[in-house]
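Below sits a lone chain in structure tokens, taken as the form predicted on its own.
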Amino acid sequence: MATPMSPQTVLVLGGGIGGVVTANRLRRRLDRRHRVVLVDREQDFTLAASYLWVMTGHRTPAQVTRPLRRLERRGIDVRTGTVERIDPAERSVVIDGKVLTGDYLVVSLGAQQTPETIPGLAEEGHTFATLTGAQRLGVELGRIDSGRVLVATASPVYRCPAAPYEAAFLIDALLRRRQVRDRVEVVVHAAEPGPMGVAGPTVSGAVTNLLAARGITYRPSHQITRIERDLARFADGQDVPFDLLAYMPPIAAPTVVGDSGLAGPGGWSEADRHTLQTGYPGVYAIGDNVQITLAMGKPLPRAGVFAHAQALVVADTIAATILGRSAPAGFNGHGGCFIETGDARAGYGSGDFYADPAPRVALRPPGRALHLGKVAFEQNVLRRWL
């Protein structure tokens, strides 16, 4: 690499929360001799943590969306285009046929949603895991006045462990506000053996109890195999009819990551759990596209809070290297997430996910103060980083 104070270029791939935080932090740490380039296929940033509020009508899409081009006012070079190839050895990428090369490369391309792996899922259901999906689901929830709402995790591997359970709680609250809950059954069928299982049995049990207290039927270890009109078919041969299907889609590693030298088994990026550096000098992987295996054998949850924390570590590490300073402390595996339960209340699960032999995570019971904490997190992201 070049000498410490010579002009450097950092390429940040992905305009989600991990990429946006990385680019901002680098721009604040480095003077304008050094380039920070952010690449994303979309023109806008949308905050995934707020999609469920879009579903319930508490947010509009415009309220949780910001143009990525706004970052140019901060001195960040924003490129809109599709990442077609990554060459980590050369720290170069191909964007819509054009080659970009940097001194450092941060891969934060997220995870690819794959609802098509379950026949009929995308055609017959509505997802709360995308902005447009959450908006459409909200319209359907405003229409239903009887029958059954089936909330499903379509695979044991998905983004944000709390999201499908938050969805069930918020759907329950919405139906109560509409005064139709007594005529609409809410059921959760999950492919995993327990809610938020990576957080441990105490948290999982607490969420199960919250579901029961709301009259929400919960069926774990129930894998959907096919969706037909108004009918979900499961691997154990059971058929479950529904009037409205709300689902969390399966995910897979981005194809471009799987095709690069960064990929390990399953196509996910591999990186040091503390520094987030890959096997290639100057190349880092953060957020949902990286697989970090915990002591218990399960992967670190794919959630925005971890992408945010990893982004700060990587940005500070790169800036320190460029400026010839000591490297900062690494990512320590600590994190937490809010669990919205409706009626302006939320719980909060947090702890040490790197603990051995299993994560040490505690769940604070739902309250209004924690809901306001999630609102504050939302506003902090949208105002501070965009």
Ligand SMILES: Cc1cc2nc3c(=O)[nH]c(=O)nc-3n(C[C@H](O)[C@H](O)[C@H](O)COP(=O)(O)OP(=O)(O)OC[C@H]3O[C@@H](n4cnc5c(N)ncnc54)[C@H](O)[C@@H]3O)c2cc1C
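A quick note: this is a predicted structure, and the numbers were derived from the prediction, not measured. The first residue of the shown sequence is 1; numbering continues from there.
Below, we refer to the form predicted together with this ligand, which is not included among the displayed structures.
Discussion item. To verify the annotation, which of these, Val203, Val283, Val188, Ala307, has a non-hydrogen atom within 4.5 Å of this ligand in the predicted complex?
Written reply: Residue within 4.5 Å of the partner: Ala307.
Fill in: Answer option from Arg178, Arg219, Arg159, Arg148, heavy atom within 4.5 Å of this ligand in the predicted complex
Checked against the cut-off, the match is Arg159.
Practice prompt. Answer for Gly287 alone: is it within 4.5 Å of this ligand in the predicted complex, judged on heavy atom distances?
Written response: Contact with this ligand, yes.
Practice prompt. Indicate whether this ligand has at least one heavy atom within 4.5 Å of a heavy atom of Glu42 in the predicted complex.
Written response: So Glu42 counts as contacting this ligand.
Worksheet item: If you check in the predicted complex, is Lys374 within 4.5 Å of this ligand, heavy atoms only?
Response: Yes - in the predicted complex, heavy atoms of Lys374 and this ligand come within 4.5 Å of each other.
Discussion item. Please tell me whether any heavy atom belonging to Gln113 falls inside 4.5 Å of a heavy atom of this ligand, as the geometry stands in the predicted complex.
Written reply: Flag for Gln113 set to yes.
Worksheet item: Of the listed stretches (74-82, 195-203, 98-106, 275-283), which one has a non-hydrogen atom within 4.5 Å of this ligand in the predicted complex?
Response: Result for this chain: 74-82.
Discussion item. Please determine whether each residue of Met55, His126 and Phe169 possesses a non-hydrogen atom within 4.5 angstroms of this ligand in the predicted complex.
Written reply: The answer is no; none of Met55, His126 and Phe169 reaches this ligand.
Worksheet item: Using a 4.5 Å cut-off on heavy atoms, which residues of 64-78 contact this ligand in the predicted complex?
Response: Residues within 4.5 Å: none in this stretch.
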